[in-house]
Ligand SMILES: Nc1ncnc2c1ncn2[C@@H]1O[C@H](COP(=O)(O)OP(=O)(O)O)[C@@H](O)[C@H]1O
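Given as structure tokens, the chain that follows is alone and in the form predicted on its own.
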């Protein structure tokens, strides 16, 4: 955590420099979107291919600002209780069994079953209570269903929730909110209207090489360039799951793990599992490794 209070950068360039200092390279478009979100207190919706750095931005903003990162990982079937709060029914039942008949007849005692000690905070309630001390990451919102997306509308507008047994809980300050989507389905316009929006595409070869050198400073410039060039060739192939920047970094680290200081046909084949994550894709690439690493 930062010892000094975080001050919003004076310019987009300043924010880009600060993010670079914590290992995240943002282009001007993303830097601008992030700066506007910080200044206006608006949620930022990031869409893009898998592995291009959407989730990582939230992590780096938390590190940069000294705030707690609170992550809600969305999935099919997630409901409000799993995202917001639940009552610890097991502890409540143990408490009831410990009460005497006289205590059970006391309405005030029964009301005590909904005391703070029995309330289980889930990420959204935790973020509301943390307020301006938190970065809330709502990850892969496209995996949740329409009902959950509709529930988020009120939360993102007012940042307060009502717990029937407790009352209204309102955020003292707004957390930084980052939503990510891999576009497995289209999000509703109502949600998008409540957010700033930015699309993160694949970086250029030069940008990706820079990312590798920042995140893996021990890697030589030549190896970084060769790995990035190979990844870009993979993206040009008809793969079910093209590799993202995260896979580029995994590949570089895997080469280092086996002591390979150069990308050859042999070392590429040995470490393909770090960058190609689908069986059919793996067979396709393995059968044409010379296309990925020319001269091998």
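Just so it is clear, the structure is predicted and the values come from calculations on it, not from any experiment. Residue numbers count along the first chain shown, from 1.
Not on display, but discussed next: the form predicted together with this ligand.
- In short, of 270-278, 7-15, 20-28, 283-291 it is 20-28 that has heavy atoms within 4.5 Å of this ligand in the model of the complex.
- By the 4.5 Å heavy atom rule, the three marked residues 38, 67 and 175 all fail to count as contacting this ligand in the model of the complex.
- Distance criterion of 4.5 Å from any heavy atom to this ligand in the model of the complex singles out 50 from the list 229, 260, 50, 237.
- When this ligand is considered in the model of the complex, only one residue from 62, 245, 44, 255 comes within 4.5 Å through any heavy atom, namely 245.
- In the model of the complex, this ligand sits within 4.5 Å of a heavy atom of residue 249.
- In the model of the complex, residue 198 stays away from this ligand, with no heavy atom inside 4.5 Å.
- The closest heavy atom approach of residue 266 to this ligand in the model of the complex falls outside 4.5 Å.
- Although the partner is absent here, residue 32 is not a contact residue: none of its heavy atoms lies within 4.5 angstroms of this ligand in the model of the complex.
- Annotation for 254-288: no interface residues with this ligand in the model of the complex [heavy atom within 4.5 Å].
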